[in-house]
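Before any questions on how it binds or moves, here is one chain, the form predicted alone, in structure tokens.
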């Protein structure tokens, strides 16, 4: 079975304080100086795929793992890590354009790659990224490939040569279903959300392995045409005020504060229930 895992490198926005947000006239927020990480949902997809591969080794089933991303050379460090963790192939499509709000272009590039470098039996990815946050890419890829798509995936494992047990959350709660390949799996809030760490020996053995760098032209992708077909346009950016209102109750003792809390705030609310 051949599995392609898609991931995206994003800035760690938790390290960016509100006062450090600088919104330019051209709208993108400056995050070049912020530490880069693998998008959290994509990280879950990568770890789940490695767990599936571990299980297949015990069952003597052959799985070929490939990792794919679109971006600039700073992503190569993460691709090297995935080689050290056991991925057989790593690919990066060289692209410096800002495609955060163009899921159609991203899906088109992914589909072009899968058609040219495939066939693949499964495509796994995070259900959305922390910067674009549109949750469309997985669905668009499935539509372009005419494959089924399962969203909200929390786990999957190989049951037979072409049969995969997929757990996902939907309106009925947590369910498990048997899926025939091919399929697109959009990983959501999976229990195993952290990617394992490679050993020093694995890092050294992967140092000489090559990362395949692919151009948009070789995939037959015209970025100008893809941008014209985008149905989303960024018009403005505003920071969200996450502060919560509070009230300080003054008193000389804990008993007095408790009495004031009850009489001024809780008594009326409790009597109305």
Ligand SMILES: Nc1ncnc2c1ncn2[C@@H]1O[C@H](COP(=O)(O)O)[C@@H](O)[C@H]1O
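Numbering follows the first chain given and starts at 1. On a predicted model such as this, the values are computed, not experimentally measured, just so you know.
What follows is about the form predicted in complex with this ligand, which we do not show.
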| query | Among 193, 154, 115, 134, which has any heavy atom within 4.5 Å of this ligand in the predicted bound form? | reply | 134
| With the partner left out here, if you bring back this ligand in the predicted bound form, are 6, 70 and 129 all within 4.5 Å of it by some heavy atom? | yes
| message | Can you work out whether residue 103 and this ligand are in contact in the predicted bound form, taking contact to mean some heavy atom pair no more than 4.5 Å apart? | response | yes
| Any non-hydrogen atom of residue 66 within 4.5 angstroms of this ligand in the predicted bound form | no
| query | Is the gap between residue 82 and this ligand in the predicted bound form 4.5 Å or less for some heavy atom pair? | reply | no
| request: Give a yes/no on whether residue 125 approaches this ligand to within 4.5 Å in the predicted bound form, heavy atoms considered. | output: yes
| Among 244-252, 208-216, 36-44, 221-229, the region lying within 4.5 Å of this ligand in the predicted bound form by heavy atom distance | 36-44
| task | Taking only heavy atoms into account, state which residues of 181-208 are within 4.5 Å of this ligand in the predicted bound form, ordered by sequence. | result | none
